[in-house]
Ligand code: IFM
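As a starting point, one isolated chain is supplied in C-alpha cells, in the form predicted alone.
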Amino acid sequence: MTFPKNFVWGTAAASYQIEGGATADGKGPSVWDMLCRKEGAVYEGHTGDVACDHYHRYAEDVAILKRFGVQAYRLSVSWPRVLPTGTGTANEAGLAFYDRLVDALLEAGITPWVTLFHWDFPLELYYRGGWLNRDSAEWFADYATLIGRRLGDRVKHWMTLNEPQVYINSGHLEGRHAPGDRLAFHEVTRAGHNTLRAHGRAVQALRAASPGPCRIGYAPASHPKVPASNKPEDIDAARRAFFATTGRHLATMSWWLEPVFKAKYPEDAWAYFGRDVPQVLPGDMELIAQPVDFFGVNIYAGDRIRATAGGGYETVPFPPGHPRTAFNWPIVPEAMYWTTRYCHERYQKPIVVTENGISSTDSVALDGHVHDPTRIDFTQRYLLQLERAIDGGVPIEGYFHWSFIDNFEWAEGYKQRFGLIHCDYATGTRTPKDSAAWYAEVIRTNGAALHK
C-alpha cells in the first residue's frame, strides 16, 4: 500500500482565477472579462480584475509552495496576456511574467506543469467567431508555438485544454460560463469539434517548438459513475454509464475522449445527435488523435449506478444527509478509484489526476489560523481511493490538489473556497490552512501519512 517512488505531488491554479492584473502591462481582454461585466452573470458582480493579485505577488506564492514541499505546480498561461488580440504581435511584458514565474518555481525546486488554455479565450477572437471558426485551431497552434518556444527550454510537462466539456457546454449551450452563449446544438457541436482540432494542432505545435523531449497531456473534466455495490453487474453498469451519451449536451466523457484516444466520435452520441453532429473534414480525426503522453483527468463528485433488468441501469439517489461540499456536490471518494480504473481500461494511458479538491466555508479563526478539517478528511478519503487504484494496477503518475489558493470560482465568484491557502481578497493576505500543513506531511511521506 504505497505510492510509486517517483509519484508527483502537486497543486494547481489557473490564470484568470488568481492572477488579476486584468489590464496590466498590455494584457488584452478575455471572454471572462466580458462576462463579468454582464449584470447577473457572476455572483454579486464579482470579477477577476484583481483576484489573488498573483500577477504581482507570484514570488510570495512560490515561497509558500516551497515552504509546504510541493513538488509540482500546475499553472495556466493567459492567452490574451501574451497575445492581447489572440493573434499577431506578442506582448513581451506578458511573456516576461511567465518567464519570471517559471524561473521562480524552478529555483524553488518545483516542477512547472503548464496548461495552455484554462478558459480565458481572447475576446477579439471571440468577435471573429471564437470556437465556431475553423481557424480557431490555427490561432491556438500559433499561440502554442509562441509559448512552447518561450518556455520549452524549462517547461517539460504540458496540457493543452482544461475541461473542454465545461467551457463548451456551460459557455456555449447553457450560457452560464463565458462567453455566455446559448447556441443551437449544431453550433455547440461545431465549437466542440474545433476545440478538439485545436488540441491536436497544439500537440503538434508544442512538439515542434520544444527544444528537447517533453510530455504532453490533456485534462478533461470527468463525470464519475460509481457502482452502487460490488456486484459485477453494477460495476459493468457504472462503466457503461460513465461513457454513455444520455442527453443533447456535451457534458459527457466519450465525446471528448474517443476522438483524442481513438480517432472517432462515439457511435451512440453520433446517432443520438443526428443532424446536429459537426462536419468532419478529411484529416480532422487524425489531427485530433495526435499521440499524447498522459491522460489528465479532473475528479470531484459522482453518481451511484445500479444495474436494472434487461441490461439497463439507473442512478441511485444518495440517502438524506449524505455529505456534501459547500458547492453542494456529493462527496464520493470512490469516484477517484472507478474513474481512473475505467479510463485506463479503455485508453491504456498513464493517468495524472490534474484536479481534485473541495469547496468549504473557510474563514480565519480568532486564533489567526484557518481550520478546515473537512478538507483534510475529504482529501484523505479520495487519496486512499487513488492508492487503491494504484494497488490495483492503474498507472497513476501524479496528483494535483485543487487548488493552491482560494480564488475566483467562475460564475460563483469568490463565494467558493477551494484553496489550501486562504486569501483575504480585500488585502491579499495569504493564510495557510490546516490542510496545507497536513498535505505537506502527505508529500513528505509519499502518502504514508494517509494511514496515520
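Predicted model, so just to flag it, every value in this text is computed and none were measured. Numbering starts at 1 and follows the sequence shown.
Another form, the form predicted in complex with the ligand, is not on view; read the next lines as being about it.
In plain terms, the part of the chain that comes close to the ligand in the predicted complex, with a heavy atom within 4.5 Å, is 409 to 417 out of 409 to 417, 389 to 397, 423 to 431, 31 to 39. Only one of Asn162, Thr189, Thr195, Thr340 lies close to the ligand in the predicted complex, with a heavy atom inside 4.5 Å, and it is Asn162. Among the residues Trp79, Trp113, Trp119, Phe295, the one placing a heavy atom within 4.5 Å of the ligand in the predicted complex is Trp119.
The closest heavy atom approach of Tyr127 to the ligand in the predicted complex falls outside 4.5 Å. For the chain shown alone, Tyr55 is not a contact residue for the ligand in the predicted complex, no non-hydrogen atom being within 4.5 angstroms. Under a 4.5 angstroms non-hydrogen atom cutoff, the ligand in the predicted complex has Phe327 among its neighbouring residues. Using a 4.5 angstroms limit between non-hydrogen atoms, Tyr300 touches the ligand in the predicted complex. Judged against the ligand in the predicted complex with a 4.5 angstroms heavy atom cut-off, the residues Gln17, Glu355 and Trp402 are in contact without exception.
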